[in-house]
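A single chain, nothing else alongside it, follows as structure tokens in the form predicted on its own.
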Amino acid sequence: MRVGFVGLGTMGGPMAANAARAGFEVTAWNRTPGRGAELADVGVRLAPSPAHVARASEVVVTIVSDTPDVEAVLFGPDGVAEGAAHGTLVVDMSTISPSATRAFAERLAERGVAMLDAPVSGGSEGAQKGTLSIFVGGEADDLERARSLLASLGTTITHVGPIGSGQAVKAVNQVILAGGYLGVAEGIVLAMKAGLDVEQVVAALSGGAAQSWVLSNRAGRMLANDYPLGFKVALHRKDLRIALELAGETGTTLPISALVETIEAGLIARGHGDDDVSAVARAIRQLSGLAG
């Protein structure tokens, strides 16, 4: 299968590499010139525009930062829609607005191009290891066309409903993660302030009901007050804004998500937008009188 990738950032670059290693013929483009050059070592060919990627591909994966970025790479000058042949399948793996996703799918359908929305969970680690969880919205037949490709990128592929449903599930995912990160941050800081051996506390809690991916994988960062990139604060805040928009449309109250979004806005204002999202612990440390 001839596959295209539009977007070679923290997630898209490793995903394109995994697809190439799995035997797909991969053509790719990235907005920032020069990025992705190292992918040539695994057989990825770089193209000068999204339209060129589409012309070379049967399935085009888009994975960029936000809703306007997806619209630009799909419908802007030299965009995917300009180069896509009738019957091409677009798989958007970005995290964007569910309602915008449905609108994009309608515009592509007018050109004879099908679309799936397939946002992911698992962060940069999952992208590198090919262990992402993928939430797919769209037609079942289109998913079957893309299944072998998606299987090279993730270990869990779930068809969650019609187009836009994948993005709605991703919003739920980010809401739950917001509570997880904030809860672990508060717990770690409380343990520190109480004079406990935090590593011992984490080990003890990991055998009980408090066990979570965040506790196991991010507590050490919160204790060290060092937050190397896994998933950017700025991107998680963007995702929470999408979730809060969906909450407004559905009449849902999300107090924890609203609080975390506010905390993350403060972190971004202080220059921490590129830190891993576990940096919410910075705010809790500062509010508790610890170095932040």
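Please read all numbers here as calculations on a predicted model, not as lab measurements. Just so we're on the same page, rigid core means the largest C-alpha set that superposes within 1.5 Å between forms. Heads up: residue numbers just count along the shown sequence, starting at 1.
What comes next is about the form predicted together with a small molecule, which does not appear here.
Interface membership of residue 212, defined by any non-hydrogen atom within 4.5 Å of the small molecule in the predicted bound form, is ruled out. A residue is said to contact a partner when one of its heavy atoms sits within 4.5 Å of a partner heavy atom; residue 18 fails this definition for the small molecule in the predicted bound form, lying far away. Interface membership of residue 261, defined by any non-hydrogen atom within 4.5 Å of the small molecule in the predicted bound form, is ruled out. Looking at residue 281, you'd find every heavy atom of it more than 4.5 angstroms from the small molecule in the predicted bound form. The three residues 5, 128 and 146 each lack any heavy atom within 4.5 Å of the small molecule in the predicted bound form. The stretch from 32 to 40, 219 to 227, 263 to 271, 243 to 251 that comes within 4.5 Å of the small molecule in the predicted bound form, counting heavy atoms only, is 32 to 40.
A heavy atom within 4.5 Å of the small molecule in the predicted bound form is found for one listed residue only; from 64, 233, 59, 44, this is 64.
Site annotation in the predicted bound form: the residue of 103, 85, 196, 72 reaching within 4.5 Å of the small molecule with a heavy atom is 72. After superposing the rigid core, the C-alpha of residue 170 moves by less than 2 Å between this form and the one not shown. After superposing the rigid core, the C-alpha of residue 36 moves by less than 2 Å between this form and the one not shown.
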